[in-house]
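In the block that follows, a single chain appears as structure tokens, in the form predicted on its own.
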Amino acid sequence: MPLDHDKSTDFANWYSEIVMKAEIVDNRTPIKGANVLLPNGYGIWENIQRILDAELKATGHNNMYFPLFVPEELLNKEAEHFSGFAPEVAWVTHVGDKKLDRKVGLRPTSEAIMYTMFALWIRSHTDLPLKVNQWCNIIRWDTKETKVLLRDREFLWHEGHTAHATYDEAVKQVEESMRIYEKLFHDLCLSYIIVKRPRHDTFPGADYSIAYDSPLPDGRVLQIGTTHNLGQNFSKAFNVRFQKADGEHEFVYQTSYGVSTRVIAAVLSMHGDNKGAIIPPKVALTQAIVIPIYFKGKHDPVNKATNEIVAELKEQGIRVKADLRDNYTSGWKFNQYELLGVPLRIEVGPRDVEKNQAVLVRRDNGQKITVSREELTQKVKEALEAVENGLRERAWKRLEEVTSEAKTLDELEEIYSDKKGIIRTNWCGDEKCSDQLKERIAVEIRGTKLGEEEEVFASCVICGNEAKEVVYVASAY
């Protein structure tokens, strides 16, 4: 077993090991929670960017870049209206030995700086809708223990921000963002539940928040994306107004949404095994690795066939490379690329050259397929699609396995102590009950399932009073 820890019994140490050995992240930096994304990890992020960027541009978003620095008065202005991220803001207070006249924050999110500019740009209904996307880094100096990709102090993300003339348009924008994210998560082969957050857990300043919670092997869930309908709350705080066709002035209606490098943690956790990472083909840095199998005196014809295969597949847009090093055995290379999570291995030996064939090996299940050179390109495409479908099917089966139902608090506690996971239950809607649940069992109400009107099937699981809604509870990172 390439990894020292077992995923099913020691997820925490398995995860810490895989992010390093699969060359995703190097966290040995002087600042804890600010890590190096290595080529294998950054390659995943680049492909996530490629998928999201195409979808955002196709729906009318324009990429912009806003300053990292946010003046203290802007963050204070936001804090006057919403609790925000003030406790996690990192401040610049000095330049050299000179103390600044005012503190400057490093963006914990971009509402304050963006909406200050929106107020300058938006004047008329003809300026709407305004749909902006930003790719950037975020600084949140969380005082809690950091965990690579799961809880970093510096991370990368995309954040979409839009402004509209009506509330209905903002609602439709929320739905559009959800379609974009569902496309991304489909390509990442992730399973998840979509929930509307309870009022007490809504993004500060939002009318409502929608989140995507993905199950992890340790029984907890990871929020892999969020969408917020901000209504007019931020536009009133930052005076973002427009003149309507009838001459009257009104505050704009806004939305925001984001996905960060945290989603890479979900990919590793959902798909990886005790051999290493398994990266979905759509986002893998390398989709196929060609490994020559050498025998004495047979290097040249094998290398020639290997190079021809690489050139042929590259012409078809497949991200492929060959490992021609002769100071490592083919077995060592097999293990190495399984550890890195390359979705497909292509083996070429002297006998394969003689028979004009190659052997394909799927990373997700180890299945071997011998194919002729004439049909190689098509079979590689089919194998990559099969890997993707296999990962996706396994992920949704996993979500089903970890989802349970509880009618009473004792039943909920028993389920949680046994396997954790996501538990469907009933709630009266009182925040005090939510607090009691978190205090007693260390789970929180994640929200109601979006798009489904679920009938309550028992009384409130905490207080025993009449339940108002079916909710999903889990422990979250």
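Counting begins at 1, following the sequence as shown. Just so we're clear, the structure is a prediction, and the values are computed from it rather than from any experiment.
Just so you know, the form predicted in complex with a further copy of the same chain exists too; it's not on screen, but the next bit is about it.
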item: a further copy of the same chain contact in the predicted complex: D364, any heavy atom under 4.5 Å; value: no
item: Residue contact check: Y167 to a further copy of the same chain in the predicted complex, 4.5 Å heavy atom; value: no
item: 4.5 Å heavy atom contact, D273 and a further copy of the same chain in the predicted complex; value: no
item: Proximity of L120 to a further copy of the same chain in the predicted complex, heavy atoms at 4.5 Å; value: yes
item: Selected contact from F242, W157, W141, F203, since only one has a non-hydrogen atom within 4.5 angstroms of a further copy of the same chain in the predicted complex; value: W141
item: Contact assignment for a further copy of the same chain in the predicted complex, among L38, L56, C433, I415, heavy atom within 4.5 Å; value: L38
item: a further copy of the same chain in the predicted complex reached by all of K355, K368 and R373, non-hydrogen atom within 4.5 Å; value: no
item: Stretch from 227-235, 159-167, 179-187, 105-113 whose residues place a heavy atom within 4.5 Å of a further copy of the same chain in the predicted complex; value: 105-113
item: Those residues of 25-50 which, in the predicted complex, come within 4.5 Å of a further copy of the same chain by heavy atom; value: D26, R28, T29, P30, I31, A34, N35, V36, L37, L38, P39, Y42, E46
